[in-house]
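The chain that follows stands alone, in the form predicted on its own, written as C-alpha cells.
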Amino acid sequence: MKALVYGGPGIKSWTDVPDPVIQNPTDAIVRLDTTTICGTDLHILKGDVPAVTKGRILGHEGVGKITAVGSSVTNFKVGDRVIISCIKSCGSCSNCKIGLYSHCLGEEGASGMGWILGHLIDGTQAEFVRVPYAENSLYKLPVSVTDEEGVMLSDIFPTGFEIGVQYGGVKPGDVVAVIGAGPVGIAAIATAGLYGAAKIIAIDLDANRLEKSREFGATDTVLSGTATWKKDVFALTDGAGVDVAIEAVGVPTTFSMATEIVRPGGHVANVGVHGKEVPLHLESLWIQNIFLSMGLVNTNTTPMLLKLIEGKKLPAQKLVTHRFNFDQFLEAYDTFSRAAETKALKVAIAR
C-alpha cells in the first residue's frame, strides 16, 4: 500500500509500505476512504515530538470501511463504515472506566498513552490502517453523515469541545475568547454555544479566518498583532476581561495573551500543542484567582457530537476548505502548511 512516511525532521514521503495485518484479537483493519492533516502532524515534522521515530506512518484522523477484525471484536464487522478516533481506548483499565481515554493503560503502543496512531504506531495517512482496541476506538458512521463530517470527529471537534469548552468551564452567560481561529479554535467556537456562552470572541492574525469564524458562531472578532488588540477585547467585555480564554495555537505568545485578557476568577484553557517552554507568570496570576487547564483530548464526547452533526446542529463539513486525492498527499501538506497564504482550514484527502 501507499502511505505518508516520516523520515525525520522536515522529511516526509508518499511511498510504498507493507499492508497492516491483525496483530491482536482486539484489532481491526480499516481501508481509509478519507483522511486529513492535523497541526500536530506539522509539529511532528518540525521535530517537536521526539517520540515519533523515522519510518512512522503519520496521521490520526480518518474515516473508512473495515476490511478485517480480530477474534475478540464483536461490535463491528467487515464492511462497517467507521470513524477512527485519534485516541485508543481499551475500555477496561482504570482510566478508561472514568472516561480518561487519553491515558489508557492498555499495553498496545504504550501503557498510559491514548494517542498512539501516527505517534507510537503507524497512523491513518495511508490506504489501510490497523486500529487497536477497535471495540472502543471506532465509531459507526450513520449513512446520513458524510466522510468529511465524520473525519472532523476523529480529533478536531472533540478536542475543541473537551479541552477548550468543557475544561474551560464555560457556563451560561459567559464571555469566551478563542485565541487562534484555526481548525481546533473554530471547533471550540462552534461548540461554546452548547454550554450557553453569551458572547464568543475570535482572536487571530488572519482576517480571513476571523471572517470564517463568524460562520461557526463567533459573535465578535479581534485582529491580533495590532497595538490595540487587548484594548479591543476589553472593550467587548465592559473592561472586565473574558470569563474563559481558550488558547488554540500552541506558542508562548498566544498563551500569554490568554492570561492577559482573562478576568479575575476566570479560566484559561490551553488547547494548543506547545513545542517549546512557555512562561507561566504565577507571581501575577495567583492574586487574580485564575483557573488554568490543559490536556490531551479523551474523545469521550464523540458519540454526543456525532448525534449533533447527524442532526445538522454543528456545521462540521464547512471546516473543509481544500480537497485532494491520495496521490496528492504532498501537495495537501504544502497547502495546509501555508494556511495563511492558501486560506486552508482543514484539507480532505480522499481516494
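So that there is no doubt, residue numbering starts at 1 and follows the sequence shown. This structure is a prediction, so every number in the text was calculated from the model and none was measured.
Unshown form predicted in complex with a small molecule; subsequent notes refer to it.
Contact residue in the predicted bound form, from Gly272, Gly266, Pro132, Gly106 (heavy atom within 4.5 Å of the small molecule): By the 4.5 Å heavy-atom cutoff, the listed residue in contact is Gly272.
Heavy atom within 4.5 Å of the small molecule in the predicted bound form: which of Leu306, Val69, Leu58, Val297? It is Val297.
Quick check for you: of 235-243, 141-149, 74-82, 180-188, which stretch puts a non-hydrogen atom within 4.5 Å of the small molecule in the predicted bound form? Result for this chain: 180-188.
Taking the shortest heavy atom distance, is Thr159 within 4.5 Å of the small molecule in the predicted bound form? Output for Thr159 is yes: heavy atoms within 4.5 Å of the small molecule.
So, in the predicted bound form, is Ser89 in contact with the small molecule at a 4.5 angstroms heavy atom limit? Residue-level check for Ser89: no, no contact with the small molecule.
Does the 4.5 Å heavy atom contact test between Ala126 and the small molecule in the predicted bound form come out positive? No, no contact at 4.5 Å.
Can you work out whether Val278 and the small molecule are in contact in the predicted bound form, taking contact to mean some heavy atom pair no more than 4.5 Å apart? Looking in the predicted bound form, residue contacts with the small molecule do not include Val278, since no heavy atom lies within 4.5 Å.
Ile203, Asp206 and Ser224 each touching the small molecule in the predicted bound form (heavy atom, 4.5 Å): Per the other structure, all of Ile203, Asp206 and Ser224 touch the small molecule.
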